[in-house]
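This document opens with one chain alone, in structure tokens, the form predicted on its own.
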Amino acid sequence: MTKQRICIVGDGLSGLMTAVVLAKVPGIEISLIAKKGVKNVDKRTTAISDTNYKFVNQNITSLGSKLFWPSKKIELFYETSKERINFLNLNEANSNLMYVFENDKVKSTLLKEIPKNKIKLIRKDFKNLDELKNYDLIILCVGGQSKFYDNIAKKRSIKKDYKEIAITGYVRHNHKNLNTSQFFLKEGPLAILPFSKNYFSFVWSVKKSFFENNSKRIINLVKGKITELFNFEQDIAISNIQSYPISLRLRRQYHQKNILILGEGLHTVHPVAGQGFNLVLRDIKKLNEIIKYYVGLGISIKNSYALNDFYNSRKPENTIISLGVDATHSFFKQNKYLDPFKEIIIKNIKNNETLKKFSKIISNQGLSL
């Protein structure tokens, strides 16, 4: 039987992960198109849930546990004018809530999997979708702003400009037993993600005006804020500082004919809840299941309902989770009129065991219950 041909455009985390996972489906031939002569060094970290970690680990054994830093505890804090309230602690005694990995190390390992899985790597400056007409399925993993999406997603997307900038970086420290944390500060939410014994990464989402007014002293501001939050007595070293604008974008159309949008091109969400790449992995998992099903039946992907099945199964969760993250961000934003009422609500969250359980389930499994 002739193998069905799938072309994946983009060698970021989403493209590489999709290529290596789908390459293991019998009867499939994978090509991966990457920009010629471009090496993107991604000095950031990503957090994924326990369920997504197990999916990745089962499908790409070469990644191994050493690349992932587990977390059994997540602490959430809310800053008022008088105090910082530790309003929610999520704990797991016998399993991990999440795992953090360095993007560049995982990408490097995935690139080594390309020849092992007989994936054809094509380095070229891709300019026209017509160049790919001989493939049975085309998957676009080319970031959030590609012009190629305009030819596919005709329906208007859900968009929102937060007018915020995410500041990211690494921190070297000598503090013991540092937990994954989320601080809702007056300047904006700050996430702390440990990824080794003496390093953690941070994501601090601040107003664009705050960033622009303080752009020349961002490192000192970050250093001072982190030192204050954790009462560090010893000096800390900050590296790999990056920044990027934050927006919400949800595609209402996922595919056209045999062309599918995947990754950040499908949904870009606020980093406050760390759900962005978790949604991508759930998309890849579902796509893998659907392609296995159709190929196993001997049905051509190109002329099937495979992409329609993917759209119907993934759009509800992607939409609900993304808008839920947006609502969460809106709730915790500083507002002098609503803050007194929020403080009452937040102080009552701490002892709500049902909410804790629900939060852990959604964070781990999404809505795929």
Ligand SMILES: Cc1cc2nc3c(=O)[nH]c(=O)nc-3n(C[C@H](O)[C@H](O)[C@H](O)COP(=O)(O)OP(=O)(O)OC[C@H]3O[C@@H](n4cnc5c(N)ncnc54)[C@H](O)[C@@H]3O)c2cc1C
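The first residue of the sequence shown is number 1, and the count goes up from there. This is a predicted model, so every value here is computed, not measured.
Beyond what is shown, the protein has a form predicted in complex with the named molecule; the following relates to that form.
Chemist: Looking at 219-227, 151-159, 80-88, 256-264, which stretch has residues with any non-hydrogen atom within 4.5 Å of the named molecule in the model of the complex?
Modeler: That would be 256-264.
Chemist: In the model of the complex, which of the listed residues (I291, V142, V106, L190) lies with a heavy atom within 4.5 Å of the named molecule?
Modeler: For this set of options, the contacting one is V142.
Chemist: At 4.5 Å between heavy atoms, is P194 in contact with the named molecule in the model of the complex?
Modeler: Looking in the model of the complex, residue contacts with the named molecule do not include P194, since no heavy atom lies within 4.5 Å.
Chemist: Heavy atom to heavy atom, is A166 within 4.5 Å of the named molecule in the model of the complex?
Modeler: A166 belongs to the contact set for the named molecule.
Chemist: Indicate whether the named molecule has at least one heavy atom within 4.5 Å of a heavy atom of I30 in the model of the complex.
Modeler: Answer no; every heavy atom of I30 is more than 4.5 Å from the named molecule in the model of the complex.
Chemist: Does L22 make contact with the named molecule in the model of the complex, using a 4.5 Å heavy atom cut-off?
Modeler: No - in the model of the complex, heavy atoms of L22 and the named molecule never come within 4.5 Å of each other.
Chemist: What residues in 253-289 sit within 4.5 Å of the named molecule in the model of the complex, counting heavy atoms only?
Modeler: Residues within 4.5 Å: G263, E264, P271, G274, Q275, G276, F277, N278, V280.
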